[in-house]
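Only one chain comes next, encoded as structure tokens, the form predicted alone.
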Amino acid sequence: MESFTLTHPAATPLAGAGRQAIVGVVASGNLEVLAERTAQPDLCVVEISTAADGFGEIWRAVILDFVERAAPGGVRFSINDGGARPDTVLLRLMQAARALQDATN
């Protein structure tokens, strides 16, 4: 089991009014992502807990790609990974960001 945190500057705060969202399920090669508006407006913080050791560079590349695409400033993402592929990680992060944008909670 490996856990680490990545922090990236974000160009803008994530739009929308949602305070938190959860997407995905930790089961059979998937992951869950909890998104919360608890970070500074110009930062995106991603906490990762993964069952797969030694993939830090891949995680960094996927998270950087996500931050560049979504500009999720002000959001902290907590990822519980069960061995998801990088494309699934990016998909779930985009879904979580969209859920925050669309939510009214």
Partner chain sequence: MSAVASCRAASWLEASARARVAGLLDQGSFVEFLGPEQRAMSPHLRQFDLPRAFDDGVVVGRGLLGGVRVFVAAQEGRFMGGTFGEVSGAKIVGLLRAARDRAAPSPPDAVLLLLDTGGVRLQEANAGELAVSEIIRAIAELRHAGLPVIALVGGRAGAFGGGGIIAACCTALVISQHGRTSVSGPEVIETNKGVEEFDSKDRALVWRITGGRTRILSGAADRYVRDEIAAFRDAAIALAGLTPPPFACETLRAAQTRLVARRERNGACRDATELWAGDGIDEPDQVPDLTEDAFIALLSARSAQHDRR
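Positions refer to the first chain, counted from 1. Since this is a predicted model, take the numbers as computed values, not measurements.
Below: the form predicted in complex with its partner chain, not depicted.
- Across the proposed site, A17, L90 and D102 without exception lack any heavy atom within 4.5 Å of its partner chain in the predicted bound form.
- Using a 4.5 Å cutoff between non-hydrogen atoms, T5 does not count as a contact of its partner chain in the predicted bound form.
- Proximity of A51 to its partner chain in the predicted bound form falls within the 4.5 Å heavy atom cutoff.
- Looking at I79, you'd find a heavy atom of it within 4.5 angstroms of its partner chain in the predicted bound form.
- For L34, a non-hydrogen atom is located within 4.5 Å of its partner chain in the predicted bound form, even though that partner is not displayed.
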